[in-house]
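Given as structure tokens, the chain that follows is alone and in the form predicted alone.
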Amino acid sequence: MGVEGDLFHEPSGEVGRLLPRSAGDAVAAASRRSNVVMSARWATNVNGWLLLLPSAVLLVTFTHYPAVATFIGSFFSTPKGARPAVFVGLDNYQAMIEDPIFWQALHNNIIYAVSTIPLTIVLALFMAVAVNAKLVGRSFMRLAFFTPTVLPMIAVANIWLFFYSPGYGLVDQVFSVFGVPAHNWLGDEHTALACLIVVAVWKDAGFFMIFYLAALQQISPNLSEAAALEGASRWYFFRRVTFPLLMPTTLFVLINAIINSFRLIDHIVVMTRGGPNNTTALLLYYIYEVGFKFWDTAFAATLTVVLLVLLAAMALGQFIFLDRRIHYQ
């Protein structure tokens, strides 16, 4: 065979079967491979959406749709009997601005939130650090701290209602040892809201402790060993290393604490019913009264929209301003 035959002979064997015969065959092979890859991606996406579909349906049905329907309903009047709802524009919002009880409930809620959120977070962090250490009876301490969380809200309210009972309640019994006279804690405008704050901190701190405890157990012990070798104190190590690593958990806990501070209603219904003189009427309880006691659903929808906007704004602000201070391992 000549030189030309040596240069242009057809490959044989496995190599011949793997190499395309022409440029058209190469394009066809590449197109088939591309179609296979796209089909695999499409099948993966479809399977993913099918797995998400049950949760998405529940989320839209019980969260997004009610929120949109509430927003639309705030622009209509309350239907009564044979009279259907009519479009009233911003009249409900105007009535809300002129409502003094709304402003008092909002003021009470702000005081309640500003008091409960830092106290709950600090107490939860302290308890998590305490039960994370190697102490005798650590399991019992964890159980004791977490027990209030698993109690029903109504049960907790009734327990503390007995504690605050004037004369024979636990609080007065303890204070009587120090010579403090009996006091109507839930009937006094100056102490009723503070009593609800104590109950909320007592119940929620154990719940948030679990998240902090899980985060503390994820921190490598090598960090504390290295700090000890360098002579760093425990407080310095906690302030400069431990707490910055807990910032993702703190952000999560903070958002949940804010939501909890604006959705309290069970304790108020059992313990004070918004009294005395509306000093314990928080925003969600006022919405409950307007919607289910006075049956003014349109005005209740207006109040609910304001509550949702407040919660969304606070959550968005936390993500914007705290995200730069979060450190991930």
Partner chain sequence: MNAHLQTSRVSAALERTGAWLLAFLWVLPLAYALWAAIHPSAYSAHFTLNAPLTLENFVKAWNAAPFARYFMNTFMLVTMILTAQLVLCTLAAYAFARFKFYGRELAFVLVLLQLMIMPDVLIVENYRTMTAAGIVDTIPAIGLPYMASAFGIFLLRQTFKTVPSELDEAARVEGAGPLQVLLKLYVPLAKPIYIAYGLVSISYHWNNFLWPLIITNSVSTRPLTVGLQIFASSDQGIDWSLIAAATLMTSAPLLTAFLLFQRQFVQSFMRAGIR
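Rigid core: the largest C-alpha set superposing within 1.5 Å between the two forms. Positions refer to the first chain, counted from 1. Remember, predicted model here, so these are calculated numbers, not experimental data.
This protein has a second form, the form predicted in complex with the partner chain, left out of what is shown; the following refers to that one.
Stretch 150 to 158 is the contacting one of 95 to 103, 150 to 158, 108 to 116, 177 to 185, since its residues have non-hydrogen atoms within 4.5 Å of the partner chain in the predicted complex. Comment: the partner chain is not present in this chain, but in the predicted complex one of P84, G89, G231, P221 has a heavy atom within 4.5 Å of it, namely G231. Of the candidates A257, V201, L216, A192, V201 is the one whose heavy atoms come within 4.5 Å of the partner chain in the predicted complex; the others do not. Put simply, V306 is far from the partner chain in the predicted complex: not one heavy atom of it is within 4.5 Å. Using a 4.5 angstroms limit between non-hydrogen atoms, A300 touches the partner chain in the predicted complex. At least one heavy atom of P66 is located within 4.5 Å of the partner chain in the predicted complex. With a 4.5 Å cutoff on heavy atoms, I197 does not count as touching the partner chain in the predicted complex; it lies far away. Residues of 115 to 132 that come within 4.5 Å of the partner chain in the predicted complex, judged by any heavy atom, are L123, F126, M127, V129, A130 in sequence order. Once the cores line up, the CA of W49 ends up 2 angstroms or more apart between the shown form and the other one. The Cα shift for W202 between the shown form and the other one, taken after rigid core superposition, is smaller than 2 angstroms. With the core held fixed, the Cα of F146 is displaced between the shown form and the other one by less than 2 Å.
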